[in-house]
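Single chain ahead, by itself, as structure tokens, in the form predicted alone.
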């Protein structure tokens, strides 16, 4: 067991060193995300210009939600893992993992984890620098220990779901030469049903209940909603169970696509 974990610990450390070398890429991306934050202030400021509350929440709580969402994107978001996996399959680099006792999913997830650790940490730098400017615009919920205890595993499961979906799209390269169309479609659905365009609790209750059954709800919105007080304890605990179920289902799908893809890969001599 220790030998098994040690292999992926080395992969994590190598990925960590690689991402630290290119830390300016993440830092620049973080600063560009601050423009997204400016748009959030302008857009939602206009929405709340004629009213104090929308969907039961005021402007500061809504801004807090989007700030939390931006931070989470850098800690758990899958940026380009699907394209990296696709490239390794197309170029034949995947072959080296067929001859070694290395689980490709675990290897790629180790790299993903190290990259998110670096990008998330660097994202906090500009936010902390500018904190005095927008602190008065935020409204954090009262401290409740259960929110932290549930939000942290929700973050971990959200990261696993994000990566698993990206991994599945990467695996499609075994059947399709180009996966860009699939990825763009997934990003559009995720932005809509993952709460990145607007908080999902603004949706009609019937549509919200349907969204809660889909994996996109648990990619970003769910952990952000726990942190910012948009859902209560009962919905958080039940949601965590559904989120874990989706994580297990997607893990099973990744293994299915890997095994089926390898059959096709070896059949064409890739």
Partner chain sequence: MSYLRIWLASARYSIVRTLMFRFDFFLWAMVELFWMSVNLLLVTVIYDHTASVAGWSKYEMILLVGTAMLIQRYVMGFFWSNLFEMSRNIRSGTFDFFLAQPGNPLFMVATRKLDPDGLCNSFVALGVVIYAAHRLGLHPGAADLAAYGLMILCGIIIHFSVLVMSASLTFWTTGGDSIVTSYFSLFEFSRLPRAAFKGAANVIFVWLLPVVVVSNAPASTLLHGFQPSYAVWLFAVALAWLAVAIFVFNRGLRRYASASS
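Residue numbers count along the first chain shown, from 1. Note that this is a predicted model, so its numbers are computed, not measured.
Same protein, other form: the form predicted in complex with the partner chain, not shown, and the subject of what follows.
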| property | result |
| --- | --- |
| Per-stretch contact check against the partner chain in the predicted complex, the hit in 67-75, 163-171, 136-144, 196-204 (non-hydrogen atom, 4.5 angstroms) | 196-204 |
| Triple contact flag 99, 105 and 149 to the partner chain in the predicted complex, non-hydrogen atom at 4.5 angstroms | no |
| Of 125, 185, 131, 93, the one that lies within 4.5 Å of the partner chain in the predicted complex (heavy atoms) | 185 |
| One residue of 46, 208, 234, 241 in contact with the partner chain, assessed in the predicted complex (non-hydrogen atom, 4.5 angstroms) | 46 |
| Any non-hydrogen atom of residue 176 within 4.5 angstroms of the partner chain in the predicted complex | yes |
| 4.5 Å heavy atom contact, residue 80 and the partner chain in the predicted complex | no |
| Contact of residue 245 with the partner chain in the predicted complex (heavy atom, 4.5 Å) | no |
| Touches the partner chain in the predicted complex: residue 191 (any heavy atom, 4.5 Å) | yes |
| Members of 35-56 lying within 4.5 angstroms of the partner chain, judged by heavy atom, in the predicted complex | 35, 36, 38, 39, 42, 43, 44, 46, 47, 49, 51, 54, 55 |
